[in-house]
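Take a look at this single chain, the form predicted on its own, given in structure tokens.
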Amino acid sequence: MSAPNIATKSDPVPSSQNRASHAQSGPIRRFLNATELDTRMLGMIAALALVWVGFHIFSGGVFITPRNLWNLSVQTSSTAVMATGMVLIIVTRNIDLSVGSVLGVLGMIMGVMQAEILPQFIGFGSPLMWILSLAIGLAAGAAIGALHGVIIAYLRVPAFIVTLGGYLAWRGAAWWVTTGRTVAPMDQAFALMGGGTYGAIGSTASWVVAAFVCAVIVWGLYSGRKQRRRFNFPLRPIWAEVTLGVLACAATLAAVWVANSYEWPSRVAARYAQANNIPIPEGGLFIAHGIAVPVLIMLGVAVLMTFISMRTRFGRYVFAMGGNPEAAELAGINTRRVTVMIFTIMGMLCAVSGAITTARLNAATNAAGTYDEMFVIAAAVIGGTSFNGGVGTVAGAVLGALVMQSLKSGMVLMGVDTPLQNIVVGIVLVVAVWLDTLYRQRAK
């Protein structure tokens, strides 16, 4: 006769099982399990909400306003674009310290193209000006990134050293292109990529974009459920699918409502009305900004990078390399080629961010991109990308960029000096890595 299974106070197993069973039975745990929401992402959203509320209170109620939130979204765009590429680099256990300097030199190249070189061939105001400038910037960014990748992958120089050298070299190259001069102004069509009064799509187009995004969300949920059923994967409850759709669409509509609540300056609206023979009402003419062009670029890049990382063979190779580089090579993955590709993509994303920054300033300056590498790396890490490799999401990086820019903008509103801002950012980065370490240890 076997002995009965009797638990004692010294045996921790039954008590831990009871706690797990109790947690599983809780309504919050059941909701999270049913919807499959990422608890880490929810924690980031909660932290962002606390940051916003805190700065709104201490800034005298000027942080959570349509004007500040609209500007915040525009300011986040450049960092978020580069952070999406930094995810792939850190996932493969590499690092890129040169992104700020690469942004600076590419922005200067695109500025010189518009102000000095291309007008000699196609003339000022040509509709091809912004297209050719951006194309040249993307090509130069791809070349710089590929150069970094080749040195890292084939010459076996550590990414830290290569990109640290790039941090110094490309910043010097940005100065060398114009011998320290600021190049301005930019082509009018190119300047739209920086936002501003005319760099937005307006109220009606913004609602059209919102409707399209909501339709894509619904289609994505339906398609995902159909794929799960096809491969006999567990299905989420119908109420969970509906809840996810409602929450995502509500967030989209709320964001567009905020963008449409920020109006043009009254004098600019009056001049626009006079130029287009529009009668001005007694209370003034209200013209909504709508979604800013750089925000649309950021969202487009985020969607593309998410597709690349999650739906392509290349993306699977990237995460396989980060999880176990030796096993990836033994499995037949050309890790050197993948390394060159991720740094090439990073260079092109630096070009996109350089275009946004240069267009927003309406000038190419030697200081563009200074300290951006710090914010980009911090955004990726805060967004859940692990320095241990193999873990990271594009959506998390974009949210991390929003957190970083919220901290920076909030401190500016409160009159905090730049050195203290950098101290806070450095502390946040260290704390984020520490929390990531704790999270990985608990997940084991």
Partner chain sequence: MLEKATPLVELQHIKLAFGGIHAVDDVSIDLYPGEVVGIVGHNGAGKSCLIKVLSGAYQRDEGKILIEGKEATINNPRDAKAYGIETIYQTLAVADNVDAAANLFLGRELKTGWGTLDDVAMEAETRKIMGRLNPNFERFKTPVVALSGGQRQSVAIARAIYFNARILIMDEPTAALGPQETQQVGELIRQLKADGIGIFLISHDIHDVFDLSDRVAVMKNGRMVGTARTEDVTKDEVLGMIILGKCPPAAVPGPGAIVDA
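Remember, predicted model here, so these are calculated numbers, not experimental data. Numbering follows the first chain given and starts at 1.
Not pictured, yet referred to below: the form predicted together with the partner chain.
Contact check for F124: every heavy atom lies farther than 4.5 Å from the partner chain in the predicted bound form. Taking the partner from elsewhere, R271 is found to have every heavy atom lying beyond 4.5 Å of the partner chain in the predicted bound form. In the predicted bound form, none of the heavy atoms of T182 sits within 4.5 Å of a heavy atom of the partner chain.
In the predicted bound form, at least one heavy atom of G323 sits within 4.5 Å of the partner chain.
Taking I131, A331, A254, A211 one by one, only a single residue has any non-hydrogen atom within 4.5 Å of the partner chain in the predicted bound form, and it is A331. Out of the listed residues T197, T243, T312, T204, T312 is the one that sits within 4.5 Å of the partner chain in the predicted bound form by at least one heavy atom.
Of the stretches 284 to 292, 223 to 231, 76 to 84, 162 to 170, only 223 to 231 has residues with a heavy atom within 4.5 Å of the partner chain in the predicted bound form. Interface residues of 382 to 396, taken as those with a heavy atom within 4.5 Å of the partner chain in the predicted bound form (partner not displayed): G389, G390, V391, in sequence order.
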